[in-house]
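What follows is a single chain, given as structure tokens, in the form predicted alone.
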Amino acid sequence: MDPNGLIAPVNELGYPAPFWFLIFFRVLGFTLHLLPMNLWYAGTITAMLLGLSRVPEARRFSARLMSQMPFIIAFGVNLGIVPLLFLQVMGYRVFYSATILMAWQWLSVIALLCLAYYGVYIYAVGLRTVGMDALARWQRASGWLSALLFIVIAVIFHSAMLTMAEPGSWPALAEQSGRAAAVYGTAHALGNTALWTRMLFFLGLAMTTTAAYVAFDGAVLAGRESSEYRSWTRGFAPKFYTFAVLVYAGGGLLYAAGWEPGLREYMSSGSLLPLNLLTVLGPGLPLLILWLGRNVPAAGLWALIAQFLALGLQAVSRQLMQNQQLAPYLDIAADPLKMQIGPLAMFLVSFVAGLGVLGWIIARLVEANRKGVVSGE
């Protein structure tokens, strides 16, 4: 079976906006989504583990983050709409084919996310009503279940993106999970080593975001907390970030070792080498800020800003890599341009207005946190 036969034909309607516009908002949207998404992926399990600690400040952060998590999830879901929208616009020829091959997993994300969301709410409500020490077993179990479900969701998303970028694997997947030219939607990439090395790499990246958020919480959100708690965040954040960087580096090396020679050569080519070096070293800036700013209260804010920039570099490099992986099969920049001014204007207005509303909500949440409302006091 020729994989090109499974790739959708070019849409005669063309792109509704210039290619640079689509790329820009896909990368920007993905970066905005990565920040809260990393806190679901690594932050939830980290908070649950810290909740087992005998250190009061560690348990306090666990309670604070899990109390904030319903809002973080809501922000992440809404911010995830933009990159998914532009992924479907630009990658429609491969996105739909890949997700049809693994349809049941892909559709299950909605149910899994709802269950994880409810689990976080149950845990957070328990924290606010009875406190961490008095949580019932079923309330504690809901927190652990949510942490597990977020990891499962991450596996499915990584599997989908990996499958989408490798059309050459589709014929084998179709034959293994279908019959007589009909697929059952049960394909998966669980046997692909790249899935697990990629997962490890992104787990390390998510852990760095969680570490930066620890410092941010102590610097910006914990105005009503004790000085001991704020001091603990400044001491724990750089240590945890250092450990996270080791996971990030180890996962990245294993992941890159599995690249095809052509992809490795492309990503290290002269024009892309500086960008990819900056991407690889991106987490170094937040780490430096956290270590040097252990006695500087505002360091947590600057560390989170630096982390956002590091995530942006990751989003840019990820897009370039994906384009190169698809290059043997299609040129995503080759679709004709047929401008649609009306929908484009509506998107821009909605995007700016949406960011404004989210900014206002975040400002109110920061104010509430500093007064001890959201932090569970």
Partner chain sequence: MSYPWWHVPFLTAPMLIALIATVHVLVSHYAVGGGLFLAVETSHAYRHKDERYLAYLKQHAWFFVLLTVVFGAITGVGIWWIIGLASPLATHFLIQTFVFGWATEWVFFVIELTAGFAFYYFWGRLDPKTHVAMGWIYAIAAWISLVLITGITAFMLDPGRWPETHNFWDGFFNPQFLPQVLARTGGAFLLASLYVYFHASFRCRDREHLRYIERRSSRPAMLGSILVAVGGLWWFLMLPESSKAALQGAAVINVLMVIMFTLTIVVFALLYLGPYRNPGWLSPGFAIMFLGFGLAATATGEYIREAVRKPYIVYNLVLGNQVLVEDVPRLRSEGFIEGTTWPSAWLAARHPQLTQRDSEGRLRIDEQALLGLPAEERVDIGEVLFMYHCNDCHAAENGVNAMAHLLTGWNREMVATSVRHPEQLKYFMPPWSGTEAEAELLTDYLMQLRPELPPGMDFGEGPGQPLSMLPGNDNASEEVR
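Take the two forms, find the largest set of C-alpha atoms that superpose within 1.5 Å, and that set is the rigid core. Since we're looking at a predicted model, the values are computed, not measured. Residue numbers count along the first chain shown, from 1.
There is another form of this protein, the form predicted in complex with its partner chain, and it is not shown here; the text below is about that form.
Taken together, the three residues Leu52, Met199 and Gly284 all stay farther than 4.5 Å from its partner chain in the predicted complex, as judged by their closest heavy atom.
Contact check for Ile110: a non-hydrogen atom falls within 4.5 Å of its partner chain in the predicted complex. Looking at Tyr266, you'd find every heavy atom of it more than 4.5 angstroms from its partner chain in the predicted complex.
Contact annotation: Val125 falls within 4.5 Å of its partner chain in the predicted complex, judged by heavy atom distances. Contact annotation for Gly168: none of its heavy atoms lies within 4.5 Å of its partner chain in the predicted complex. Figure note: of the listed segments 137 to 145, 243 to 251, 68 to 76, 285 to 293, the one touching its partner chain in the predicted complex, with heavy atoms no more than 4.5 Å away, is 68 to 76.
Of the residues in 274 to 302, none comes within 4.5 Å of its partner chain in the predicted complex through any heavy atom. The Cα position of Val352 differs by 2 Å or more between this form and the one not shown after fitting on the rigid core. The two forms, fitted on the rigid core, differ between this form and the one not shown by less than 2 Å at the CA of Val10.
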